[in-house]
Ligand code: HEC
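Here we start with a single chain on its own, the form predicted alone, put down as structure tokens.
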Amino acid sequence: MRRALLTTALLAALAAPAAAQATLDWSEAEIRLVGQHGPWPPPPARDPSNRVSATPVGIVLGEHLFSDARLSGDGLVSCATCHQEGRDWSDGRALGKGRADLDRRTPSLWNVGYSHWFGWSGAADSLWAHTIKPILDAREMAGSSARVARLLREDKELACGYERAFGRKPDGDDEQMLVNAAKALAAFQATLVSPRTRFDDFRDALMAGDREAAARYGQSEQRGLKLFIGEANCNACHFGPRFTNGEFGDIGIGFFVRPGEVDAGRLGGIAALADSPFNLLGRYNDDASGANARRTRHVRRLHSNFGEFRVPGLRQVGRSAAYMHNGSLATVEDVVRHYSEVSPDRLHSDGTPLVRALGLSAGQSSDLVAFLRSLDAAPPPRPSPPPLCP
């Protein structure tokens, strides 16, 4: 027995240094950069322009509306048609499809509540304003303010939920009720926070100096992370806990939608934002101070915005195919290959280049993919929404 115990102790002693050696050497500067990508999860999102943001009654009303196809013109399409829980709040398609085929990919809703511009072109400055667009768009849901208002008035459960959320019966003007429905929908969407990942465990261990815990993160993943924050400089745009700066860039993806027709990206998005009656400069902003409208007030259209699209967050990236605003890349490996081989001739000539061909080796590409996939995690199942009026 004693010999067996000694053997076990010896094996454990030999294994300990090996585990420690599995953690690569990280400089103080690298640890500082890694630390900027956390901690996760962040505090709950709270939107001052939305009076029901982060309120339980607003969230519940929004969750019920999210899967209600009666918001659409033909009663067949809901928000959940395109943003499916089982597909990480997207649809798995290269291009979205509502009542008709669309020209852009359906983005995932993970962590959407922390953004400050919304949509691939930033045509909305609040999540609730962005939510109004698909309801009214003829190609998506083809709804109307009158239809939404009628539903809220006539459905007893929704009417009760509306009164609990907004403190009044659904009897205002139709456009105000459309806005309020969108604010409830936004309150729900802001609760969709992606789970912790293998990267988060490594990041926290690295910050705490716990080499044993950090060693559980694979060496390929660590090499990919070093490349991400170092030579490849991916974190120039994909930084912070959500791995995005929340802004826009031209990364060499074509902007032709079909022969003779282009998607102007951010250039068109800023114009649409200025024309929207629902932007934060309008009457539906619940923030009386108007402080949250400063960004909208000062944004300017520049020709260099042509062909720029939103920098997406990378959490759950391996679970969110296809990729790019037009769904033109099918896998994470394709995305890494694009950045490795991108031609400067594909970049808009008036803009400041954000990317360069990285010229990655096969091993570096594999490491970078391993790191990106470490930002994925299977989310726990969501319970059914509670009743609107228990």
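Everything numeric in this text was worked out from a predicted model, so none of it was measured. Numbers follow the displayed sequence, beginning with 1.
As for the form predicted in complex with the ligand, it is not shown, yet the points below apply to it.
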Can you pick out, from 293, 205, 271, 251, the residue that has a heavy atom within 4.5 Å of the ligand in the predicted bound form?
251
Among the candidates 281, 299, 102, 215, the residue which, in the predicted bound form, approaches the ligand to within 4.5 Å (heavy atoms)
102
Indicate whether the ligand has at least one heavy atom within 4.5 Å of a heavy atom of residue 143 in the predicted bound form.
no
Residue 152: touches the ligand in the predicted bound form, heavy atom cutoff 4.5 angstroms
no
Residue-level contact is defined here as any heavy atom of the residue lying within 4.5 Å of the ligand in the predicted bound form; does residue 83 satisfy this criterion?
yes
Residue 189 near the ligand in the predicted bound form, any heavy atom under 4.5 Å?
yes
Is it true that 78, 368 and 372 each have at least one non-hydrogen atom within 4.5 Å of the ligand in the predicted bound form?
yes
Given a 4.5 Å cut-off on heavy atoms, tell me which of 305 to 313, 195 to 203, 273 to 281, 153 to 161 is the interface stretch with the ligand in the predicted bound form.
305 to 313
Between 130 to 146 and the ligand in the predicted bound form, list the residues on our side with a heavy atom within 4.5 Å.
130, 131, 133, 134, 135, 140, 141
